[in-house]
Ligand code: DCB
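Just the one chain here, laid out as structure tokens, in the form predicted alone.
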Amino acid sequence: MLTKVRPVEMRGTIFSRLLLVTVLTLLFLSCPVQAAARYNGTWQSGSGGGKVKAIHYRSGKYRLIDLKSGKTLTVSSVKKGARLKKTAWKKKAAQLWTVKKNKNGTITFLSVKNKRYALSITKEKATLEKKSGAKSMSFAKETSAPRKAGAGGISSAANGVSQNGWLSVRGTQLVNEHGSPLVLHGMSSHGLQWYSNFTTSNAIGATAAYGANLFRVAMYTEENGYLSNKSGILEKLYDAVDAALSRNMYVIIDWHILSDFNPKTHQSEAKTFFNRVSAHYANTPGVLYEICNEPNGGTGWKEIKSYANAVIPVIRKNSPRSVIIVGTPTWSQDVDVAAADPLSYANVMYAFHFYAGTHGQWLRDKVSMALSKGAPVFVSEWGTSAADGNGGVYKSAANIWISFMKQHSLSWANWSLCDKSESSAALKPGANAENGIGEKELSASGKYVFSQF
């Protein structure tokens, strides 16, 4: 027999339920990202095997990055003992894992393809095994600050993504997710079509060993770059970005216009590119976007601003929290011009580039003017040489610039991590960064810049 509820009692029951739902909803909304991403970080296999970097993707699912190669662990076959592949991140179910917390405080990574199977890492291999309590399937978090290796070593950044999380812009300052000021400093790659051997996990990790916490991936649009080989260069870009992330470093995806002068020349292609990569790294706090490297050839701020207003919403649709760096006129020197007519978006910074042998006080005055107007500046490229990459190293001039950047807490990326026969290259011709970067492999510029990390 059903028991009838009187109207007053029913209203009370409905009110209680609504109150409970409201409270639970508010609790969920107050910390969805933190809760979902609580297993982000580096995890060590209990068997003494390798480590993996876990990065939350969505809905409690994670992707796992092999720290040695910088690539994503991918299930090739759901069966006992199947070896895992190491591939580029493509957001496939075969690349996703859920987490099971164990009684002893460790965790086990379960394949989304079949949750009866778990990741197992021994000293010899990474495989998929039936879920059990084996040490090779039990992972403990690396809780201490990443070790800073000695000169020539390979390491992870000691003040990177795991310590600072999502970045944002407050006034003219870059701040971490706790609201504390943060300065990023590191290297820029040269063109991916020429020097991708210096964008591997080991090569980038070698800069972290000296104290870098940033890597800029320079993806040329022309000059046999992305527009000539979209799939091939995009694969190199993903590999480089994943490599930097695997080393706990922030990474800039740089749409490196140069010979194309005006970013509007390839605006349609840029929108397609940034839609794709920002969706690919949508929930990744370590990724920043530089949407036009060095507008030049008489390109004015009006044209650049029009381009930015077309491209920024594309990124914001997929990754609303990411910091975006916008190039400025005259090879990203006229930050004062941009500051006089700023963009209306939050978390946007203005790119500034200089070369110590060519640029002096007159260019620092432009930066000072921009900062005085409240425009946040990011030095996304600078060199110790003259502007053509040769001459120098101009240490005295570079010292003045370094002091200026420290004074204003400006983040920076130096040009460039490669062994090209030019003064601005950080490495001597023939250098091999896969086993670390020893002092004898550093060029005069590299020795100077690495000492500034």
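This structure is a prediction, so every number in the text was calculated from the model and none was measured. In case it trips you up, residue 1 is the first one in the sequence shown, and so on.
Not on display, but discussed next: the form predicted together with the named molecule.
Participant: For a quick test of understanding: in the predicted bound form, does each of D66, A240 and H280 have a heavy atom within 4.5 Å of the named molecule?
Facilitator: Checking in the predicted bound form: none of D66, A240 and H280 is within 4.5 Å of the named molecule.
Participant: Whether N293 contacts the named molecule in the predicted bound form should be assessed with a 4.5 Å heavy atom distance threshold; does it?
Facilitator: The answer is yes: N293 has a heavy atom within 4.5 Å of the named molecule.
Participant: Is W194 a contact residue for the named molecule in the predicted bound form, using a 4.5 Å heavy atom cut-off?
Facilitator: Output for W194 is yes: heavy atoms within 4.5 Å of the named molecule.
Participant: In the predicted bound form, does G50 have a heavy atom within 4.5 Å of the named molecule?
Facilitator: No.
Participant: Please determine whether K264 contacts the named molecule in the predicted bound form, using a 4.5 Å cut-off between heavy atoms.
Facilitator: Although the named molecule is absent here, K264 would stay clear of it in the predicted bound form, with no heavy atoms inside 4.5 Å.
Participant: Of the options Y117, W166, W331, W301, which one has a non-hydrogen atom that comes within 4.5 Å of the named molecule in the predicted bound form?
Facilitator: By the 4.5 Å criterion, the partner-contacting residue is W331.
Participant: Tell me, out of H359, K366, K305, H185, which residue has a non-hydrogen atom within 4.5 angstroms of the named molecule in the predicted bound form.
Facilitator: Comparing distances to the named molecule in the predicted bound form, the residue within 4.5 Å is H359.
Participant: Only one of 39 to 47, 58 to 66, 415 to 423, 393 to 401 gets a heavy atom within 4.5 Å of the named molecule in the predicted bound form; which is it?
Facilitator: Selected range: 415 to 423.
Participant: Could you pull out the residues of 203 to 233 that have any heavy atom within 4.5 Å of the named molecule in the predicted bound form?
Facilitator: If the 4.5 Å heavy-atom criterion is applied to the named molecule in the predicted bound form, 203 to 233 yields Y220, E223.
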